[in-house]
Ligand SMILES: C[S@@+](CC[C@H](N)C(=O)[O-])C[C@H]1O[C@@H](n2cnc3c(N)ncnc32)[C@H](O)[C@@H]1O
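Okay, so here's just one chain, in structure tokens, the form predicted alone.
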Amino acid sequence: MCSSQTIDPDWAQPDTPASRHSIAVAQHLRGQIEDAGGVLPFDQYMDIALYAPGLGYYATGTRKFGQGGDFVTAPEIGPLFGGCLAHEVGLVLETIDDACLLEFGAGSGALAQSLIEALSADGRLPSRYCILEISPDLRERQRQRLEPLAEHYGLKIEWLEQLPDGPLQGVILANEVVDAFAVTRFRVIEGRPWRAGISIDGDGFAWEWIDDLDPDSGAAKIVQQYELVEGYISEVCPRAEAWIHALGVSLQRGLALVIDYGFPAREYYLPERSQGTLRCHYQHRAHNDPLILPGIQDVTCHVNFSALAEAGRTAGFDVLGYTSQESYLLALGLLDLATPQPDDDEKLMFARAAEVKQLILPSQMGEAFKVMAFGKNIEQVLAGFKLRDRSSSL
């Protein structure tokens, strides 16, 4: 069940370098499983498959974003997403002296570019733009795209490998970041959660279920609270909660915006979601088998926004809003930004119309993606939640 040998024959087959890379990742994983005594916890498997230096999906030079990659993010579609965010972000930045804008996982740099251009047009550039990026390849791609732009606008831009040591004031952005944190997967067996592990199965991998789940993971409480039935499979993400706690320690004053796909807890653990929310992306094909194509497919999990909100409050944040991407972007003037201008040609008008549809239609990104805002020591009401704030659903 290894690598490209088991993918659907209707899918585009990996080329020779990709196949070789996936085999190398699989061999590394087999070694890790053997070192672990035959079963590797799934969160460690996911972490290796995505982030192992020189091997993981996000640690190599293959294209991941856009039409030639495996998936499309909102900033890759066009500049409207970043233009809307710039309105919210700019209003916060101008209230804070020496404000920093920190973006987690900037991908191709598309969001940073659209934000810098829009903030400059409004006269609200931060004192510095920081990008926390763990992928050496993506850091280099971002530099090539953004350094000329930063020089043009006279903006200081820097790349970080970890949160700054000192207190931070400004805005933190995390667009499609939390879904890529390694998760603890569990299955209800004999009325309690058993932890998912990965074992070797011939040339491939197989699921194992281990009765040693950390009581602090929160899974047992979830099983009881939502009355999860025998065989129910789902996930918890302690790493997301630890990440929010780290942000709470770092951010002294300002705003943290988290944009991702997910649900509040009562929707996350619905009976019909009994196989969990793990999703994999390979050349624009979405499926739910993380045990194939290691190292050359993305592995993600939906975000439990209730757990994220609770962790944020514990970390000293105020939850300032929670809503769908559709409501958020419309409240920030998406339709005004997309209004045709006198010198626009027909091709540009059609492209903007298509961009708007993909960003806000419920069948596209509009409802699946949510926006959550955390604040600390700021008093202003955020414009993006004025149409509809779903915080009461958390």
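Quick caveat, the model's predicted, so the values are computed rather than measured. When you see a residue number, it is the position in the sequence shown, counting from 1.
Below: the form predicted together with the named molecule, not depicted.
Contact annotation: of the candidates 315, 177, 119, 93, the single residue with a non-hydrogen atom within 4.5 angstroms of the named molecule in the predicted complex is 177. Of the listed positions (101, 251, 106, 258), a single one reaches within 4.5 angstroms of the named molecule by any non-hydrogen atom in the predicted complex, namely 106. Although the partner is absent here, residue 135 is a contact residue: one of its heavy atoms lies within 4.5 angstroms of the named molecule in the predicted complex. Using a 4.5 Å cutoff between non-hydrogen atoms, residue 76 counts as a contact of the named molecule in the predicted complex. The named molecule is not shown here, and in the predicted complex it never comes within 4.5 Å of any heavy atom of residue 269. Using a 4.5 angstroms limit between non-hydrogen atoms, residue 181 touches the named molecule in the predicted complex. Comparing 84 to 92, 106 to 114, 199 to 207, 163 to 171 against the named molecule in the predicted complex, the single stretch with non-hydrogen atoms within 4.5 angstroms of it is 106 to 114.
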